[in-house]
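Heads up, the chain below is alone and in the form predicted on its own; it's given as structure tokens.
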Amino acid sequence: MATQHATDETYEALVSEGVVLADFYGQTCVPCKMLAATLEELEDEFPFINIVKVDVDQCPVTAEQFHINGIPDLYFYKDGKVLLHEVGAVDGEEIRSLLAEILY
């Protein structure tokens, strides 16, 4: 599935089913841009994972709800339940390992 961009109104619905990686990011955040490239690669490797991008400036209510103080900030969901949470620029291998932990 292609990457989807959340709004404060759509976030909960977007993470409610299946395995979802929610990426809280900022437009001017350099580590966020590097992570975005990694997530694009993972999209091809894990087509059954939903990636939800959350721009913290465009979704202030959701960012506050999750106490986002530093970005990038990743939440890993399965059927609407947060299973893992990682703050900071996580490399591709670590994300692959975390996804494998959830999937298998």
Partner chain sequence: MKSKINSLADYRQAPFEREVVISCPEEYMEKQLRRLTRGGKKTESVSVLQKGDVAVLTLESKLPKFNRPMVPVTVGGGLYDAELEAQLIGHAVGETFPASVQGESVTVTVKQANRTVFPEPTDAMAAAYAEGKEELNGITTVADYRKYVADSYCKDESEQVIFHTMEEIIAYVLTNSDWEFDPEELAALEAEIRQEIKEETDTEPDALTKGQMLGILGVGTREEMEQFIREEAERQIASQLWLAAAHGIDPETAVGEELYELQWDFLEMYVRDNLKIEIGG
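Positions refer to the first chain, counted from 1. Quantities reported herein were computed from a predicted structural model and do not represent experimental measurements.
The next section is about a form of this same protein that is not shown, the form predicted together with its partner chain.
Novice: Would you check whether its partner chain, in the model of the complex, lies within 4.5 angstroms of a non-hydrogen atom from each of 8, 64 and 68?
Specialist: Per the other structure, none of 8, 64 and 68 touch its partner chain.
Novice: Residue 85 near its partner chain in the model of the complex, any heavy atom under 4.5 Å?
Specialist: The answer is no: residue 85 has no heavy atom within 4.5 Å of its partner chain.
Novice: Although its partner chain is absent from this view, report whether residue 47 comes within 4.5 Å of it in the model of the complex, heavy atoms only.
Specialist: So residue 47 counts as contacting its partner chain.
Novice: Might residue 79 be said to contact its partner chain in the model of the complex, defining contact as any heavy atom within 4.5 Å?
Specialist: Looking in the model of the complex, residue contacts with its partner chain do not include residue 79, since no heavy atom lies within 4.5 Å.
Novice: Using heavy atoms and a 4.5 Å limit, would one call residue 43 a contact residue for its partner chain in the model of the complex?
Specialist: Yes, residue 43 sits close enough to its partner chain in the model of the complex that at least one of its heavy atoms falls within 4.5 Å.
Novice: Heavy atoms within 4.5 Å of its partner chain in the model of the complex: which of the stretches 22-30, 35-43, 69-77, 50-58 has them?
Specialist: Only one stretch passes the 4.5 Å heavy-atom test: 35-43.
Novice: Who in 82-104 is close to its partner chain in the model of the complex, meaning a heavy atom within 4.5 Å?
Specialist: 96, 99, 100, 103, 104 sit within 4.5 Å of the partner.
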